[in-house]
Structures are given as C-alpha cells and as structure tokens.
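Two separate entries follow, structure 1 and structure 2, each one form of the same protein chain as structure tokens.
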Structure 1
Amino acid sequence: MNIVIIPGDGIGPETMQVSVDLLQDANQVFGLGLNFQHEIAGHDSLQRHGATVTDALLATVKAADGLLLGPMATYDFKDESKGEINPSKFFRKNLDLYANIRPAKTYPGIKTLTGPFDLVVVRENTEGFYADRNMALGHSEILVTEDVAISMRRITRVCCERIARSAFGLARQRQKRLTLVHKANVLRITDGLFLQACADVGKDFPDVVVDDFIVDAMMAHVVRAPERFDVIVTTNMFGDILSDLTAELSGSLGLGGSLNAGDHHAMGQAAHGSAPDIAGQNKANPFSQVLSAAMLLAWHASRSNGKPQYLAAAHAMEQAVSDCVAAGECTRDIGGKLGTHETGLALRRRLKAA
C-alpha cells in the first residue's frame, strides 16, 4: 500500500510523526509492505509553491492507495485566487470522499462527563452548507450588499442516498441501530429530502432499527445519554459540529479519529483542527491521528484487493491506544503527564509488546 503523508499545519507535524513511526512498526510486525511518500500542503506549500495545494499533489494522491492528511489552518486560507485553498475541502471534493466516518467511544482510564458509550457519526462530506464545495463554479456565500449576506445549502438525493447507504452498512456491522439527525421542522425541503432518501435506502436494510432526532434536541440527548446511540448519520455541518461534541464527550477532541472515504479513495485525517494554541509545544494528543491512520489501514483491508493483515494491524494500533490510556501513558488533555513524542514512544512499545 502506497500512502501519501502530509503533516499539515499547527500540531500536524508532531502528531503525524507519531503516526508514521507507529505505522512503520506495524509495517514490520505485520509485513504490510507499506511505502510512504512525504508531501506538503497548507502553509508550507503556500510558501514553497504559491498555493496550499497543487494539481501535481492531487495527481500524486490519486495514484497512491491512501492519504494521511494532518490538520489544516483552514481559517487562514481566505482567498483561493491567491492559492489559499482549503486542503481538506480540496481532497474531499476532488477525490469524492463523501463519507466522513467519526467514531467516538469512552476508554476505561479516562474521566468523562458521561457513562461509557461507543458510537459513530457518519457525516456527509461533499455538499451542505460548505460554500467552498457545493457549487460547480463559484461560491455559495454571497455578499448582496455590505450589510446583507446569504449562505446557501445544497442537498441532493444522490449524496443523501450514498451517505445513507454507508451509514446503514456500518450499522449492520455494529448494533444495527441508526439515528438520523436533521432539522426538517424548519429546513423542510432540504432535510425532508435527506429523510426521504434515508427512508428509501433503509428499505434495503430491514434489519437496522431507525430513529431520528432534530439536531438541536440531539445535542441534549447525546450529552444526557450517549450510550443510546450506535450509528448516527447526518448532513455536513450538523455532522461536523456533532462529531466534535462526541469526541470531546469521550474525553478529548484529541481522541477524534476520522476517515474520509469515497468509492475509490480514502483519507485519514483527525477530526480536529491545527490547534495553534498548543502547536510546537509537545502537548498535542497524537491518538486522533493514529486512530485515523488505523482507519485507513482497515479501509484498505475492506477493499477487493485488501489483505487481512491490514485489519490486524489496524486493530493492533487501536489496541496500543487503549493500552496506553489504561496505563496512563498519554497526554494531559486526557489525564496523562506525557508529551506528544513520549506518548508516541509508549505506543510503539505497546504495539511491539502485543
């Protein structure tokens, strides 16, 4: 498997280094035959190539078997005409990575506000309110006058059906429960279309029990009793917000592993951003990026040409995270005393000892 590695901005280089070191160990232990190609995007690329991402980089990623993308300082990238393109959007759109899979679960050893839970947020990734990706040409945020602005949300049957199918398929592999999250009481047409598409796809999954919640009430339900949820499917922005909440409820945003997957490509990228407040201080929790890397290996194993040892390696990486947490070998955000680098060394010891 050829993996393109892009460290990203802020804490990205620190957390990505831990992930690559662990992947290299997994490569040896499980005989995976991994090859890494190191590339840049974001601020580094803007400085060197005049753009945060380039067509040549896209071609490189398309030719590879997977991408590990670090967090990006998206908020800094305001003007596409100056090469300031949101790299996360760039890959999601150009590789059609429509399913953003964001698991969140509690670990024994981390103090949380809730009881134990284990759920997955499945977020549509290619349309919705995200103004930089839902038009063929142009931008769906419009400044009408200096004081009037409009933002448009695109919802299409095809995108709803494919994200629903991903979520139903995942629910079938888990507890066979799926929750639809929407705002169809107000966004009657767009979220009505989302709900109808989910209902239509659901006919192929009669074994999956479905319920639904309005997004605002969902925030209360998921804080009050996250254990009642198994797989949750929703549109782009609701999923973006909800998955940060569920990651934080599990102990920290630094536990938020995430996979962006389409029919032909996949990208492992932690759910959080570049965390400039702790960048370069050896404080970032690397588990989110490590779990994202494990998800990329598991995705590869599920492909028609996938090999079972990739799944074994993914499980071993997840187990190394659990073992480190249980032993308190982790960063301060989840109650440990280690730095990012030292947590990485602990992960490597755990993986090799398993």
Structure 2
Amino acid sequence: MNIVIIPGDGIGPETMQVSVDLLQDANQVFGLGLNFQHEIAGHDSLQRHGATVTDALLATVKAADGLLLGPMATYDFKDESKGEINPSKFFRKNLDLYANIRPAKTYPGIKTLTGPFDLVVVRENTEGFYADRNMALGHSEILVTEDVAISMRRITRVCCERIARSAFGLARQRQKRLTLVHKANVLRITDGLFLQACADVGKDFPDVVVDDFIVDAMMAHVVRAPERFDVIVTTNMFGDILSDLTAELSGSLGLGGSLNAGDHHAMGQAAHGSAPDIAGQNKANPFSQVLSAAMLLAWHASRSNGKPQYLAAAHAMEQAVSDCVAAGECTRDIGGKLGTHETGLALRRRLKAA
C-alpha cells in the first residue's frame, strides 16, 4: 500500500510524525508492505511553489493507494488567484471523496457529560450549502447589493443515493440501525429529495432499521441520549456540525478520527484544526490523526480481498489509543500529563505488545 503523507500546518508535523511512526510499527508487526511518500501542502507549498496545492501533487495522490493529510490552516487561505487554495477542499473535490465518515465514541478514563456511546456520522461531502463546490464556475453565494446576499444549496439525487448507500452499508456492518437527519419540514424540496433517495436505496437493505429526525431536534437528542444512535447520515452542513458535536461529546474533538472516501480514493484527515497557538510546543493531541490513519488502513482492507492484515493493523492502532487513554498515557487536554512525542512512544509500546 502506497500512502502519500502531507503533514499540514501548525501542529500537523508533530501529530503526523506520531502517526507515521505508529504506521511503520504496524507495517513491521503485521507485514503490510507500506510505502510512504512525503509531500507538502499548505503554507510550506505556498512558500515553495506559489500555491498551497499543485497539479503535480494531485497526480501523485491519484497514483497512490491513500492520502494521510494533516490539519491545514484553512482560514489563512482566502484568495485562490494567489494560490491560496483550501487543500482539504481541493482533494475532496478532485478525488470525488463524497463520504466523510466520522466515528465518535466514549473512552474509559475520559470524563463526559453523557453515558457511554459509540456512533458514526456519515456526511455527504460534495454539495449542500457549501458555496465552493456547488457551481461549475464560481461559487453559489451572490452579493445582490451591499445589503442583500443570497446563498444557494445544491442537492442532487446521485449524491444523495451514493451517501445513503455508504451509510446503509456501514449500518449493516454495525448494529443495523440508521438515522436520517434533515430539515424537510422547511427545506421541503431539497431535503425531500434526500429522504426519498435514502428510502429508495433502503429497499436494498431491508435488514437495516431506519428512523429520521429534524436536525434541530437531533442536536437535542444527541446531547440527551447519544447511546440511542448507531449510524447517522445527513447532508453536508448538517453533518459538519453534528460530527463536531458528537466528537466533543465523546470527550474531545482530538479523539475523533475522520475519513474522506470515494469509489476509488480515500483521505485520512484529522478532525481538528492546525492550532498554531500550540504548534512546536509538544502539547498537541495526536489521537485524531492516528485514528484517521487507522481508518485509512481499514478502508484499504475493504478494497483488498485476501488482505485481512490491514484490518487487523487498524484495530490494533485503535486499541492502542483506547489503552493509552485508559492508562492516562495521553496529552493534558484529555487529562494526561504527557507531551505529543511521549504519547506517541506510549502508543508504539502498546501496539508492539499487542
């Protein structure tokens, strides 16, 4: 498996180093045959190449089996005419990574506001209210006058059907329960199309039990009783908000892995930002990046018949995170006393001892 490694901005190089070290250990323990190609994007690429991402980099990623992307300084990149392109958006769009998979679960040893839960948010990744991916030319926000602005939402049957199929397939592998989240009482046409597409796809999954919630009510239900949910599927913006909420309910956004997947490519990406205020201080929590790397291995396992070692390695990496959290071998943001590097060493010890 050939993986392109892009460390990202801010705390990215620190958390990515932990992830790469752990992947190298997993490579030896499980005989994965991993090869790493180290590339740059974001501020480093802007300084060296005049753009945060390049066409050459895209070609490299397309030729690989997967991409591991560190957190990017997204808010710094405002003018694409000056090469300031959002790398995450760039890869999601150009690789057609239509499914954003965001697990959220509680860990023994982490104090939370709720009881134990284990759920996954499946978010459509390519349309919705996101102005940068709705139009063939330009974007879907319009300034009519200085005092009037309009934003358009694009929802298509094909995008709804494929995200629904991803969610139903995942639900079938878990507890066979799927929740649809929408605002069809107000967005009758667009969310109506989403619900109809989900219903049509659901005919192929009669063993999966389906319910649905209006998005504002869903936020309340998730805070009150997250344990009642298993797999949740929704449109882009609702999923963006809901996945951050559920990750934080689990104890920290830094505990949430994230995978952006399509039919032919996938990108493991930390769920959090680049946190420049603590960059280079050995304070950053590496778990989100590590869990995203594990998800990338699991995705490859699902595509590689006869290669169960990738799934075994993914589970071992996830277990190492759980064991470190339970033992308090983690960074201060989640109750530990270790630095980023030392947390990485603890992860490596536990994976090798598994």
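On a predicted model such as this, the values are computed, not experimentally measured, just so you know. Residue indices: 1-based, along structure 1. Just so we're on the same page, rigid core means the largest C-alpha set that superposes within 1.5 Å between forms.
Here the form predicted on its own appears as structure 2, and structure 1 shows the other form of the same chain.
Relative to the superposed core, G306 undergoes a C-alpha shift of no less than 2 Å between the two structures.
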